[in-house]
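So this first bit is one chain, no partners, the form predicted on its own, shown in structure tokens.
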């Protein structure tokens, strides 16, 4: 489409035509038999996408931040000890959410754009008993990816519940919730799940539900309390109407379509595609002399890339890149906000979008006066995508 600008930020992302069509349909009643059927299907498919066949899915109207609090509020009581695996801006946010709900929070520290060493986490788990260990799978502010499997194993050995903030990961990064022993994995609809903003999504394990059911104090929220939402989820999946708060009907219908598309691709194939696209994009950026925020290669995410501006270039290049056809995001982490930009490549993103974005970046940087081998980025990306 002439004049079309690809939305290549870390969410909202580009959505398929079929998903978008659902958002424009006449809105059904939330107790309409067709909607009840589709809501139930979405809940069932979430288990397959999260790879959590025994988990309890929740679909609630709200943002990713609400998903964070939906998890925290129900498994946390005042005085609970919580260990935050700190990897950046959104780990800091999760710590604040836990504190609001009365937790005593300790931080497993890391340097900027890095992750805490697993041995440090293990040492902290041996020195103190924690009820919950919180992990940000991919920090949207820096594109730093955490080894969820290894940390979850350590936390499980210590008897802690494991909460994974997968807002910028679920549906794109490999996550095997049940096999890895993760008790809650959460996300938002507008990221790799591929639905417009407005749905908070999570799956809770039996252990998480038991922690909720045996709590000694009331949940510190009315809207977030699982005692109201759990019967609704159970009813819809059983094909029956239920009500606590009106669901976002059109978004849930869109979610049902998107989850079906994700499963048609297959989770292993989807993880592989995201890794290949990320590798191609990074190869392109490296070919034109740019570098990345994560401290080591094994910390590079598959769902987005955070790139340092080269000397002499700043955020003024982003409008030029937009004029060339791709909307990118500026920096977010307050300590380095003006020094880098971010590119999302998740969900429906394919080879053509990667190449179009690389081309727009090359043209935008050239207009900004940056000197590089024009076309080198496109050639590097194509080599990966064609291999």
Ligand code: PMP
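Residue numbers count along the first chain shown, from 1. Note that this is a predicted model, so its numbers are computed, not measured.
There is also a form predicted in complex with the ligand; it is not shown, and the following applies to it.
Each of 90, 93 and 165 comes within 4.5 Å of the ligand in the predicted complex, counting any heavy atom. Partner proximity in the predicted complex, defined as non-hydrogen atoms within 4.5 angstroms of the ligand, places exactly one of 188-196, 266-274, 107-115, 253-261 at the interface: 188-196. Proximity to the ligand in the predicted complex, defined as a heavy atom within 4.5 Å, singles out one entry of 64, 344, 55, 347, which is 64. With the partner omitted from this view, the residue of 358, 68, 49, 42 that lies near the ligand in the predicted complex is 68 [heavy atom within 4.5 Å]. Interface membership of residue 136, defined by any non-hydrogen atom within 4.5 Å of the ligand in the predicted complex, is confirmed. When the ligand is considered in the predicted complex, residue 305 lies well away from it, no heavy atom lying within 4.5 Å. Residue 177 falls outside the set of residues with a heavy atom inside 4.5 Å of the ligand in the predicted complex. For the chain shown alone, residue 74 is not a contact residue for the ligand in the predicted complex, no non-hydrogen atom being within 4.5 angstroms.
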